[in-house]
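In the form predicted alone, a lone chain appears below as structure tokens.
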């Protein structure tokens, strides 16, 4: 059996993990999640989840991955026993389904990026002769969506097939710094807009009453967003940590990754909401298409909007690709480790399956809502819950011993980490999972209505 690959540098691992975390979760999903959650009220709950849940949770995934040196299925089976391989299988399933529609959404961003080369965004909207702005977005579906889905998946497969050092690590060392620089530049520009003050007030001024009144919807939404944006509950961090050496300080790596990820999500808000308010856009409307419809209309009405639109949508494409390669790596690593499949064949074969599963989402937005609602509100939280049970209750001593490698004796801090996982984190995840399932029932009802109307 060939020797398993490893990261060549600490920087490579950090950037890969950050790249996985910062893609569409931070720039596509974060703005509409904040908008749906009422602005700053959602932001506060989300940040609390990141600090109180995200940090202990990412450490748990790191210790499982590094201890076993295997993909999620093999890692959970080795760490917890034969029955846990089925939980690992859930992670593989999440990676397949999530990437299937993620790729389609990334293709939409490619289309909006290319549209900037074909004329101003104002000209594109004017060509619809006064029709609703959503018409421009509706043209994203159909054959153009299929073609761009094909292009994006081909690029993702190519990078993963090249391996850890020559593919993923090399790619993220170029993409992640470029994404950060572009977002910082956009945030500085957004600060100069006339409506920036109103955007900042909406985004940064929380109302305690709003949080108290809407906690039942804010809690699962913030939990799902936190796990989505940190790539938790989907096996990515287990897989990436499996390529680490034992001398690494996992707490330092976790803090660095979370700091970068949260900072980039926050930066995305500093770009999007000033633009929304400057363009007279209501941020709480639109759901998954918010970023497309609202930003296009804003770029159509802002001086220099064509160039800025190109930069913005191009930035999102970079972030999307850095996340997509991590999702494909989870499934590819499973086939390599457990089935002995060559990396090129594994990446290409499973990539083709993911591509086919994603085709329905090129037809109508209802399929995006169906897939995303199930992954975000249910499976990600379930996956994270299972890892917390495994680390906190099934084998806590193994977890502490693994965490202390590269750090030293943590004494009471290690026990505080374990008990944080055992009680408050598991309780919050159980509540979030229940609320998420309840919310998903509404999505299923909407999908049933759509099926009755269209079949």
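Numbering follows the first chain given and starts at 1. In this text, all values refer to a predicted model and were calculated from it rather than measured experimentally.
Although it is not shown, the form predicted in complex with a small molecule is what the next lines describe.
* Asked: So which of 443 to 451, 430 to 438, 18 to 26, 5 to 13 is the stretch with heavy atoms within 4.5 Å of the small molecule in the model of the complex?
  -> That would be 18 to 26.
* Scan 156, 231, 239, 332 and let me know which has any heavy atom within 4.5 Å of the small molecule in the model of the complex. => Looking at the other structure, the residue within range turns out to be 231.
* Of these, 272, 76, 160, 380, which has a heavy atom no more than 4.5 Å from the small molecule in the model of the complex? -> Looking at 272, 76, 160, 380 one by one, just 380 meets the 4.5 Å heavy-atom criterion.
* Would you say all of 103, 108 and 317 touch the small molecule in the model of the complex, counting a heavy atom within 4.5 Å as a touch? -> Contact check failed for every one of 103, 108 and 317.
* To do: Verify the contact flag for residue 384: yes if a non-hydrogen atom of it lies within 4.5 Å of a non-hydrogen atom of the small molecule in the model of the complex, no if not.
  => No - in the model of the complex, heavy atoms of residue 384 and the small molecule never come within 4.5 Å of each other.
* Asked: Is there a non-hydrogen atom of residue 361 within 4.5 angstroms of a non-hydrogen atom of the small molecule in the model of the complex?
  -> Although the small molecule is absent here, residue 361 would stay clear of it in the model of the complex, with no heavy atoms inside 4.5 Å.
* **Interface membership of residue 347, the small molecule in the model of the complex, 4.5 Å heavy atom rule** => Although the small molecule is absent here, residue 347 would stay clear of it in the model of the complex, with no heavy atoms inside 4.5 Å.
* Please check if residue 308 has a heavy atom lying within 4.5 Å of any heavy atom of the small molecule in the model of the complex. => Because no heavy atom of residue 308 falls inside 4.5 Å of the small molecule in the model of the complex, the answer is no.
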